[in-house]
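Only one chain is given next, in C-alpha cells, and it is the form predicted alone.
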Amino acid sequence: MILKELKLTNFRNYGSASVEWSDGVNMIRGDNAQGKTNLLESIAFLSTFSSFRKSSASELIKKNRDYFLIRSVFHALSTEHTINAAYSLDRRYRVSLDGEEKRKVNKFIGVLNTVVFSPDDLMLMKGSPDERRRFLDREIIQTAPSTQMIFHRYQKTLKQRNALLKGDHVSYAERMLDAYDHQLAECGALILIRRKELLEKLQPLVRLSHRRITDGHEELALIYEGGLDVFFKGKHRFDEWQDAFLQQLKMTRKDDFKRGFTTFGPHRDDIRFFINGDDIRHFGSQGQQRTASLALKIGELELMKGQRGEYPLLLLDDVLSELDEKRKEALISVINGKVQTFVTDTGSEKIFDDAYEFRVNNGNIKLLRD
C-alpha cells in the first residue's frame, strides 16, 4: 500500500498544504509543535476517520475555520485510488472513495490501512488497560470495518445502562435493565469473539518478532484477562458467548447498583504480557517493556500484510529516538524497502540511506532532497 499524494485544508495548524511522498521512507523533520505529528494524524485519519491522539474530529479543524478537508491518492494492490475526507462543525462527515460518496463513514474504514507507533506505545505494557483495549479495537475495526457499528452500539447501550444504575428509581431501572442487558450481551459477545480471533492471529506473529529481537532468549505471551476469559480457551458458538455474557450481567447487577456503573464487559477487560512466565507490568524492565511493544507493532504490520496481501503504511511518530540501537535495527530491518514509512524526528541524524527528507515549519512543508 502506497500513499502518493496528500493535500490538507484547515487541518490542525495547516491552512493549505500539498505533499508528494516517496514510496519508501519519508523523514519529516522539524522542531517541536510545528506540525509533524499533525501530518501523521491526517494520514491515520484516513484509516478509521478518528484521531489516534484521542482528539475529537472537531478538534482537528484549524482555529477560526469551520471545516477540514483531507485529499489523498494512494495505491492498493497496484490500483490507484483517491480517498477524500471532510468534517465540518455541524458534525457532518463527507467521505468519498474514487468519487463515490457514502452516507455512512464506516463503509470506507480500512480501505487505507495504517500502523501508528508513538512514544506512548512504548509504554503500552505498563499503561492503563484502556490503552491496550484501544490498540486491540483499532486493529479490529481496520481489518473488519463493519465492527465499528458494533462498538458504537455497545458504548451507546453501556451509557444508557449506567444512567439507569445511577438513578433513584430502582424498580423502574430493574424493569428496563433486562432490555439493556440483552442488547449489551449481543454486542459485547461479538466484541469478545472478534478480540479472541485477533489475538489468535496476532500472538504467533508477536512471539516470533520478539524471539528475533531477543535472539531467542525470551519468550513473550499475550493473555486476555476478563470476565469471560475462560471462553478464550475453547471454541464456542455465538449464542453460548451471548448467554454467558447475559448470565454474568445478572450476577453482577446488585454490585452494579451499588457502584453506579456496569462492572462487567469488554470495556473492563485487559491484556497481560508475560516474558518467560513473568508479568511485564510488575517484573519487566523498561527495556523488556519496550521490546515487547516493538514486537507487538511488528506483529501488527505482519498481520495486516497477511490479511490484505500488502503492508499497511507505517507511521513512526518521534519513536526512533526512544529506541536503542538494537531495537532500532530490528525495526529498520522489517521496513527494509518493503513498507512505506513516515518518520517524524526533531534531529538531523541520517538513519535511512535513501529516504526523502521534508522540513516542517509552522505548518509549511518543504522537500529537502530526494
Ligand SMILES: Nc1ncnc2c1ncn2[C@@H]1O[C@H](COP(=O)(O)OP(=O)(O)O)[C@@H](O)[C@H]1O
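Remember, predicted model here, so these are calculated numbers, not experimental data. Numbers follow the displayed sequence, beginning with 1.
Note that the form predicted together with this ligand isn't included here; everything after this is about it.
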Exercise. Counting only non-hydrogen atoms, which stretch in 308-316, 44-52, 327-335, 24-32 is within 4.5 Å of this ligand in the predicted complex?
Worked result: 24-32
Exercise. Might residue 320 be said to contact this ligand in the predicted complex, defining contact as any heavy atom within 4.5 Å?
Worked result: no
Exercise. Taking heavy atoms only, is residue 9 within 4.5 angstroms of this ligand in the predicted complex?
Worked result: no
Exercise. Can you check whether residue 59 is within 4.5 Å of this ligand in the predicted complex, heavy atom basis?
Worked result: yes
